[in-house]
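Just the one chain here, the form predicted on its own, laid out as structure tokens.
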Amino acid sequence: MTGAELILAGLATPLAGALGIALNHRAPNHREGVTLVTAAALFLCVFALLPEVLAGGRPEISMFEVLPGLALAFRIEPLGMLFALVASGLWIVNSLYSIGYMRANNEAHQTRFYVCFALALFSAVGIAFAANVFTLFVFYELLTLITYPLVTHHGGDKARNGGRVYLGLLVGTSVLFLLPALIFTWHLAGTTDFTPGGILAGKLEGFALAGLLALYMFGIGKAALMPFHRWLPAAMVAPTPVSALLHAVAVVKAGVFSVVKVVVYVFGLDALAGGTDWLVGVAGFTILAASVVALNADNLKRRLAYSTVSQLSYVVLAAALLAPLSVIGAALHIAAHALGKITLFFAAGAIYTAAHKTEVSQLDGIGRRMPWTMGAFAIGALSVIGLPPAAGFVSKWYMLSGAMAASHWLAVAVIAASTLLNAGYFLPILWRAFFRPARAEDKHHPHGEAPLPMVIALSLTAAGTVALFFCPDVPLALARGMLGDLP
């Protein structure tokens, strides 16, 4: 198949899977089989594009033009290739996990869940393959709308309230900030195409340039910059597989992916020189403030949610530094955080399923009863902290090196302080799990690990987190290729 045909296949596969899942709603085994086959087929389509992209090719296809210079089109460059690989690869593991979780917890509306999940991956692939800001905007909004039923899956008042916050903030930021940024960019440049070196050089400067950048950064609400971050913890009312989708597979990764893509391919690093100090400050504040909230949160999913808010702003901070090493680190962190955070959420869901525990203060001694789950949790925690042998160390090393190369000592201080805060909210969990005796009431209610599909899934993502530390060649080549396009 040609590159253009593979792009179409990558977009069509999750759509066909969603239809197949819906048609098998009365046969759960067939429905879940379709889910796994579709996820594997999508990954194979994406993976088949990798050799061409690594060799310098840029497969593309244009569908139709809405207005002059405003087309629905797809083009795969290295950053999009990296995001597509992460999203499609983790969908396979998340599908396996979901089967165990949804069945073990007797969740309702399982067919709707799997259909929406497939459609969310369709949107994520569209974002990854987008050739311009217009196409990205279309699929970005589609992803918001499709994931709303997943956030409100349980259907109660709490779920509906969380869904309103989720939809209100994400749609609100898009309409108020991102859409005007898109229109203004098209007006200035006559195009919104993602172009190596950017499309705004010489067309805007000073406060006007900073203002347009602000529209993009706050308009991309999925990146969860403060003060537009509350949708993310509000969405924790969803089932754990949805939390994994939000935090690792598609939604927040779509946000920070869009941030890096706009910085590199719309503005260009040279055009932004000297105009991003304010963004470094906002991202640094978000990193530290969210880490402090996580440090004081007893609910495990809330702690993980605010950890995600913090980690996303690492990517924004690194991109805003404009140093080649830090921008490479931003791209690497998209993959590293995805693997580490999905492992942590998988573990949280396994703990809830097997032990019915949701609070950190309830986890005394649980590591001896759930060694596989808590072992995987430990690896995910090491990655988020940025310690070897986990992938987060690699991305954080590049970000820190870029900050030092740029002599941006505020960024260095933020990364150092947040690393200590990360350790402060993760290491006590591991201490409780492995070194404190079990609570008295737990001794009368023995339990083991969660269902096998869940344990297999979290073990695979934990292994992937370690593997990416030792073998970062492909993500690193793609991250470097992103900058290699620049003149």
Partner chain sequence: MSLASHLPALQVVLPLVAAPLAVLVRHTGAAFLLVTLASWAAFAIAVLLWQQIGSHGTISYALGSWAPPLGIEYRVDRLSAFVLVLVAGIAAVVLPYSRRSIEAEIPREQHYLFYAMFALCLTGLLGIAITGDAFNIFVFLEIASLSTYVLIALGRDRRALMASYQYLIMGTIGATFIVIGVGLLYLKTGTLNLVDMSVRLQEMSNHRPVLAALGFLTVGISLKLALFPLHQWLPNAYAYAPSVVSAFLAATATKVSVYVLLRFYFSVFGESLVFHRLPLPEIMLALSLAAMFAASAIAIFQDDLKRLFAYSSVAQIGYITLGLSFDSVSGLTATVVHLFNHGITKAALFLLIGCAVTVVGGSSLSRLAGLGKVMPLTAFGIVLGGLSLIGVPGTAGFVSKWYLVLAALEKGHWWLALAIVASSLLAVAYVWRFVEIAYFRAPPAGLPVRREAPLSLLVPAWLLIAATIYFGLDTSVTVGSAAGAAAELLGMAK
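Quick caveat, the model's predicted, so the values are computed rather than measured. Numbering follows the first chain given and starts at 1.
One more form of this protein, predicted in complex with its partner chain, exists but is not displayed; see below.
Its partner chain is not shown here, and in the model of the complex it never comes within 4.5 Å of any heavy atom of A55.
Within this chain, Y265 is remote from the site of its partner chain in the model of the complex, having no heavy atom within 4.5 Å. For E65, a non-hydrogen atom is located within 4.5 Å of its partner chain in the model of the complex, even though that partner is not displayed.
Contact check for L182: a non-hydrogen atom falls within 4.5 Å of its partner chain in the model of the complex.
With the partner omitted here, the residue from L167, V293, L200, A210 that has a non-hydrogen atom within 4.5 angstroms of its partner chain in the model of the complex is L167. Put simply, of L288, V175, A214, M404 only one has a heavy atom within 4.5 Å of its partner chain in the model of the complex, and it is V175. Picking from 251 to 259, 90 to 98, 328 to 336, 183 to 191 the stretch near its partner chain in the model of the complex, with a 4.5 Å limit on heavy atoms, gives 183 to 191.
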